[in-house]
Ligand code: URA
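The chain below stands alone, shown as structure tokens; this is the form predicted alone.
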């Protein structure tokens, strides 16, 4: 029994040395360890119970490959969570037929359709709002996020919280105002949570339901390009299996519905990772956007965050 415990300790030391800071432990293992702490004999399966709580490929990874395996495991876990269904099953995505007329008339008809969408309203918390896009209907640049947050569902407008404030500053750094661009989300409601508080990325099913509404906004605005803010927005536009990590295609032009798409960091990511390196990396993407949109770029703008 002592040998089993020592083997367990050695395994945990190896994981810690490899960079693991947390390990999920099964209920069976916890109960066994509690018995051990009281001096009771430990079952022969203690080590196996603890190790079974660790994904096989993480447990067996070599030190050389450990970081890569750990990232892949986290990605797969997030993908599984994205496929989880919350609340009632969604109906088929809507078919959108815009009326004839100028941009304003078509946009207002689309906005009314979204705000009256039964499925959207069924998933909005009491006292909160469905969120629709906003901005210049002749904008060259269409900023696309994933879903409304707590501030957005209160006001009924995308990007009005802290991330929105940073987005406004970055738009200003381009020499534009918020009113010069169009800003929207793939989702029209804040994704439901099994708990009263917190946020989660929308599922693929949720984004697929709302996607026709986003396509219709693009049809009205007809922007020169789209900026996909964050990995979830990029996957909503380009496909759930189009990439594993945003870094694979960040800063590289993609296409959605015939419109060039620039995947880049979400402003909330930059708020969490407030380093000059990340800011510069994001700004380099924005410089590509400015160039693609035919905007003049000053020497000062070229040197931001260097």
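Positions refer to the first chain, counted from 1. Please read all numbers here as calculations on a predicted model, not as lab measurements.
Keep in mind that the form predicted together with this ligand is missing from the display, and what follows is about it.
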{"item": "Contact segment among 111-119, 98-106, 216-224, 156-164, judged by heavy atoms lying within 4.5 Å of this ligand in the model of the complex", "value": "156-164"}
{"item": "Distance check, residue 146 to this ligand in the model of the complex, heavy atom within 4.5 Å", "value": "yes"}
{"item": "Residue 152, heavy atom within 4.5 angstroms of this ligand in the model of the complex", "value": "yes"}
{"item": "is_contact(residue 188, this ligand) in the model of the complex, heavy atom dist at most 4.5 Å", "value": "no"}
{"item": "Close approach of residue 266 to this ligand in the model of the complex, 4.5 Å, heavy atom", "value": "yes"}
{"item": "Neighbours of this ligand in the model of the complex among 281-306 [non-hydrogen atom within 4.5 angstroms]", "value": "none"}
